[in-house]
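First, one chain by itself: the form predicted on its own, in structure tokens.
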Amino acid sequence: MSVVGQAASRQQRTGEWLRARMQTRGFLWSVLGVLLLGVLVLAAFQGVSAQRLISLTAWGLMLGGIIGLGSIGLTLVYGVVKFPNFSHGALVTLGAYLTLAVMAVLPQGPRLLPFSFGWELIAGLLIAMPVVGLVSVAVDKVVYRRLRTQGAHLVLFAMASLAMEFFLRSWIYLIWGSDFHFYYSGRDNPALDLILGIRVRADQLFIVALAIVLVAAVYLLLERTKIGKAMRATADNPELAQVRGINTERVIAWTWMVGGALAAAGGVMYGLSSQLRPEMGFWLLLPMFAAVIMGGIGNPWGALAAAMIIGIVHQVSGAFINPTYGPGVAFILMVITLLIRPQGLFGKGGG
């Protein structure tokens, strides 16, 4: 081989080595870390104090908890049934409104200090989670199961889920109207003073704690129970799971049940932190899908970690850019992930 040929070959190997290094999990973490650091530096240059930056980070964790609850259910469903469920946003909204309906028929008790809510919201949450799970199972039986038995294309599943998003939201409009609603209208929600001058509301701490508890419950379900192991086996290879005697339709029903229940919990927490409106779940779809892709499709822990990153960057960037551009933050992070490592932070393959 000539000298010119050897140089070209060496250059090609160097390029391949660089591409391989840039597609590793470590490189993606580094890029996201630099991006987060850059957002913090930009906020500091805009005159945002260190104390406020810490508080914004804490609020970002709360927002990440809400996105995480929705995205974990979304990634579980995708991992098993293998299609993007665009109706997940309507399930989030339905959970929030069902809780409101339960609270309307229960006597309003005293607030559970230091939180702003009372036991009636907890009761509404505990009722809404299984009900939304059953609605998810019913939608699967009526719509998606028929498509599965017919071997329909992925595009048809996606279009059907989008249709169910509008169908469910239309019922929410018909029952509760288009006006905003609050769980507690006019009730004060004072902030707590924590270490390092951090000021957060007790409700925000409750949201983060609930997200951690539910994720731990999902982990125990997947790792320690028979149905959880069946869900993992079905997600890895549904044909092989059937051959080994696993009832995949039962596994799919359980997956919808868990996914719907987590979506309802996310909706209730979102409604508690702001207000209820029929489009609330739809506007969460982009950050939820971004968290699923960033974390690695089918990986609940990855979805939660990515949701926390999105929440922090969203809140901190809101200190120096117009908050209406907030959803764009999730989109930018998702595009960066797809360009560097499409498998996501915790996806299989690559380094």
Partner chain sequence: MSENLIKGLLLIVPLVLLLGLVLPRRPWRVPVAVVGGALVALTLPWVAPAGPLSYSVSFAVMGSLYALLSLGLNTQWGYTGHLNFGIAAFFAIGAFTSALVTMEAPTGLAAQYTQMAFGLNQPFLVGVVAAAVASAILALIVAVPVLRLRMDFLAIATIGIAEVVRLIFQNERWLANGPQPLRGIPRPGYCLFQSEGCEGAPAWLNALFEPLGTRDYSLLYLLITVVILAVLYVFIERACRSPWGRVLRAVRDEEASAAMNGKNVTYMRIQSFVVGAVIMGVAGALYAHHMATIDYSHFHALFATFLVWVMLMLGGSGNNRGAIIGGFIVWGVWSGTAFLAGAMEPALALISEDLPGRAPYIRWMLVALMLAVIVLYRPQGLFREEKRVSRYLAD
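Only a predicted model underlies this, so the values are computations on that prediction, with no experimental measurement involved. Positions refer to the first chain, counted from 1.
Not on display, but discussed next: the form predicted together with the partner chain.
Proximity of S170, Y173 and L338 to the partner chain in the predicted complex is complete: all three residues have a non-hydrogen atom within 4.5 angstroms. A single residue from the set F320, W301, F282, F27 has any heavy atom within 4.5 angstroms of the partner chain in the predicted complex; that residue is F282. Put simply, of A305, I297, L61, V313 only one has a heavy atom within 4.5 Å of the partner chain in the predicted complex, and it is I297. Comment: 147-155 is the region of 209-217, 251-259, 147-155, 104-112 lying near the partner chain in the predicted complex, near meaning a non-hydrogen atom within 4.5 Å.
Contact check for T324: a non-hydrogen atom falls within 4.5 Å of the partner chain in the predicted complex.
Contact annotation: F182 falls outside 4.5 Å of the partner chain in the predicted complex, judged by heavy atom distances. Although the partner is absent here, L221 is not a contact residue: none of its heavy atoms lies within 4.5 angstroms of the partner chain in the predicted complex.
Shown alone here, L125 lies farther than 4.5 Å from the partner chain in the predicted complex, counting heavy atoms only. Residues Y78, P84, F86 are the members of 67-100 with a non-hydrogen atom no more than 4.5 angstroms from the partner chain in the predicted complex.
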